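Okay, here we've got a single chain as structure tokens, the form predicted alone, with questions on binding and movement later.
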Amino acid sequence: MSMWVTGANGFIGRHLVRELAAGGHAVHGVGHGALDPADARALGLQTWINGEVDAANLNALAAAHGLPSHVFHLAGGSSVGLSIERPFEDFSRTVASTARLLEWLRSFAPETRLIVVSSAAVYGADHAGPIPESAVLTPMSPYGHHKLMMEQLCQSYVQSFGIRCAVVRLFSVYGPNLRKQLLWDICSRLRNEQRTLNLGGTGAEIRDWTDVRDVVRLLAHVAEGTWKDDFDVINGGSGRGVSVAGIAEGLIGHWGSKTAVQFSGVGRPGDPTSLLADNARVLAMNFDWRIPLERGLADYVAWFKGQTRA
């Protein structure tokens, strides 16, 4: 099958391309970032267009390769902090790109299955335990609001124009090649042999940590499964919560360091105290999370040390 990935040059996108290509699919991508043709082929991309997710680039892919069976929409904002600093840019990257994609699908490829990657940030705060997909959505940041707008746009095109769409709300995704956020920050400081790690928040913040290699397996599983509804929302989480302090301690242990950790006690704007998935939907799909957190953290430390020595 021919599958397209928007944002294919991003952290999750690159892993997803490898997963789909390994499954025998023809994978084509569009998004931002220069990719040498040889690098694109090594990744598993048969075609890469460095540009906006817009009609011109989507038409170019269709003219060269025909219409896709599936489109994975990963293009969009990727940071709560950046969305607060530059909210209109985040809106354009997330909401406007989705609107352009949906309009193209409505006009040219209404039978294509659309898999949209959203975020647990749509849930907001005040969730003490596992959060079901039916929970009230109260995002706390421009990033979360824009992901919710993206979901609502998709639902409107499903209801009005017959598009078929599955939304997967991801939680705290980590893994090899992640060069930002908590794990990267902690490992960067451990590499610099800091005696004490001073981190924001309390350390008690709970997150649902999922290895990117499992996450892309889930996305492919959703795409290739039986679609009972034209619009569906699925939590892409494991249902297992671990504190930020626990992650820091795990990384320090795998690094082989005796560095101490201190927390400021001051939370970041737009940062809920708990984001944990109710994973009943994923369990019902007979999907298994294969990479336990301890192995994932060990793999991340090994990757980080390897790439910083290169």
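Counting begins at 1, following the sequence as shown. In this text the structure is predicted, and so the values were computed from the model without any measurement.
The protein also exists as the form predicted in complex with another copy of the chain; that form is not presented, and the subsequent description refers to it.
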Choose from 165-173, 200-208, 236-244, 98-106 the stretch whose residues reach within 4.5 Å of another copy of the chain in the predicted bound form, heavy atoms counted. 98-106
Residue among N177, Q181, S156, Q194 with a heavy atom within 4.5 Å of another copy of the chain in the predicted bound form: S156
Closest heavy atom of S141 to another copy of the chain in the predicted bound form, within 4.5 Å or not? yes
Determine whether any heavy atom of S79 comes within 4.5 Å of a heavy atom of another copy of the chain in the predicted bound form, and answer yes or no. no
Q152: heavy atom within 4.5 Å of another copy of the chain in the predicted bound form? yes
Within a 4.5 Å heavy atom cut-off, is S83 in contact with another copy of the chain in the predicted bound form? yes
Using a 4.5 Å cut-off on any heavy atom, which residues of 159-181 would contact another copy of the chain in the predicted bound form? Q159, S160, F161
